[in-house]
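Take a look at this single chain, the form predicted alone, given in structure tokens.
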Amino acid sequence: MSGLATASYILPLTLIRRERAFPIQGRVMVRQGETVNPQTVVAEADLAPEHILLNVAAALGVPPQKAASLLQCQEGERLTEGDVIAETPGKLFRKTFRAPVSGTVVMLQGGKVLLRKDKDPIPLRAIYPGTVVDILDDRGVVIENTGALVQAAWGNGRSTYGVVRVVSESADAVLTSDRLDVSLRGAILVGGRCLEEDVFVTAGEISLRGLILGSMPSRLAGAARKAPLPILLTDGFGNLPMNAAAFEFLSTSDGREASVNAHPYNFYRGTRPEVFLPLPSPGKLMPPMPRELSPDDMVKVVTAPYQGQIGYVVRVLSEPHKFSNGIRAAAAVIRFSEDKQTIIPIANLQIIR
């Protein structure tokens, strides 16, 4: 029977390779082999183009067929604001229609002009410091570096880079807004649990770079997504302390620089929200995810009643186990302490390496 479980990594030293790419074609701004810092723009793209439909016939007061003959531009032509689009003949009562904005002519039809506005391209920053080891067509790059890695359960979709500051004395401490002040401006804060939306409001007001939390109630998810800074939960939603493995590592990382990628977990690509702390040492390439669960693996439980607890695999059961709710599922025996072990569905476990 398969003991397949999702892998969540907490590694003091490893080699990572991370894609930074647009979902659409853009322009790559760096070369393979180039060293980048978190603020380096590795690619740019024109996202969500804006179009303007210009009714030339109405503006000149002529029929559509007449307007078509007066046009002085062609499809594909780039216009600068103020360029003549169409003009009536004559000197005394001449009417001129000019481009209201700069852009490219997309279509000419029925005395109308469809203009795609010029917009500044959207930059894609590296976020991860390191070396560009591959170019992904015209979409982006792959960055490689060595360092420490802490993967998490949930993120609000933002990313950043900054210096880690630890304000929680314990994994289950509650982070409140009165713990935040301007001395923390620009920092990535490590807290325990968060129970109030005011924390996100104050964090934005003092320009924190990011928040790394153990958990928060699900009712705060909407506010967290709207917050102007990355928010990452190591253990997910609820009233849970940060798991011991993550807190032990992060609490000793005060003052170190870190990349926070709080983009949501993608099951199909195996990517998770994570914190990466670069270190100038050789590392070991991460194994593929997911992988088979094995005895002595360290695991984190992701559902109640043991949610957030860290344990070790004693053995993977050879047959599906029937639980008290009547469901039969692949399961493993998990040891939390010398005198405490229980059977938990494999689907409810994450491997911590």
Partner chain sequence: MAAIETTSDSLLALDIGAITTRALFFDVVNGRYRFVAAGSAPTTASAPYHNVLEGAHMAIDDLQRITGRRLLADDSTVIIPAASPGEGVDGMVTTLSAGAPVKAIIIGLLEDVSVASARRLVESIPARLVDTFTLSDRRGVETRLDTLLRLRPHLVIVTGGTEQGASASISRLLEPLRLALRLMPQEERPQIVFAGNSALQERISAIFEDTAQVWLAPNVRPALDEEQIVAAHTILARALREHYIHSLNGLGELDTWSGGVTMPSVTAQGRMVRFLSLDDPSKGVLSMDLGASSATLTAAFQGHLYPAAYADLGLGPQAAGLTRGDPYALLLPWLTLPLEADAVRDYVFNKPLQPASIPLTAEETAIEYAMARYALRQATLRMLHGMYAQNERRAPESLPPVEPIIVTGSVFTQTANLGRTLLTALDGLQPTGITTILLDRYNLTTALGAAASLNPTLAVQAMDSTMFIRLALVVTPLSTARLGTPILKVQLTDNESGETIKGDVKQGGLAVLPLAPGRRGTLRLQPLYRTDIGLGAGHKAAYEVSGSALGIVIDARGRPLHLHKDMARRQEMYKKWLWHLGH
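Positions refer to the first chain, counted from 1. We call the rigid core the largest set of C-alpha positions that still match within 1.5 Å between the two forms. If you're wondering where the values come from, they're calculated on a predicted model, not measured in any experiment.
The same protein also exists as the form predicted together with the partner chain; that form is not shown, yet it is the one meant from here on.
- With the partner chain left out of view, the stretch that reaches within 4.5 Å of it through heavy atoms in the predicted bound form is, among 213-221, 244-252, 88-96, 196-204, 213-221.
- Only one of P123, G270, G157, G186 lies close to the partner chain in the predicted bound form, with a heavy atom inside 4.5 Å, and it is G270.
- Checked against the partner chain in the predicted bound form, the candidates R256, R179, R78, R225 yield a single residue with a heavy atom inside 4.5 Å, and that residue is R225.
- Looking at P295, you'd find every heavy atom of it more than 4.5 angstroms from the partner chain in the predicted bound form.
- For the chain shown alone, A153 is a contact residue for the partner chain in the predicted bound form, at least one non-hydrogen atom being within 4.5 angstroms.
- In the predicted bound form, the partner chain sits within 4.5 Å of a heavy atom belonging to G238.
- Taking the partner from the other structure, the partner chain in the predicted bound form has no heavy atom within 4.5 Å of any heavy atom of I310.
- Residues of 88-110 that come within 4.5 Å of the partner chain in the predicted bound form, judged by any heavy atom, are V106, M107, Q109 in sequence order.
- A displacement of 2 angstroms or greater separates the C-alpha positions of K112 between the shown form and the other one, with the rigid core held in common.
- Residue displacement note: G157 has its CA displaced by under 2 Å between the shown form and the other one (rigid core superposed).
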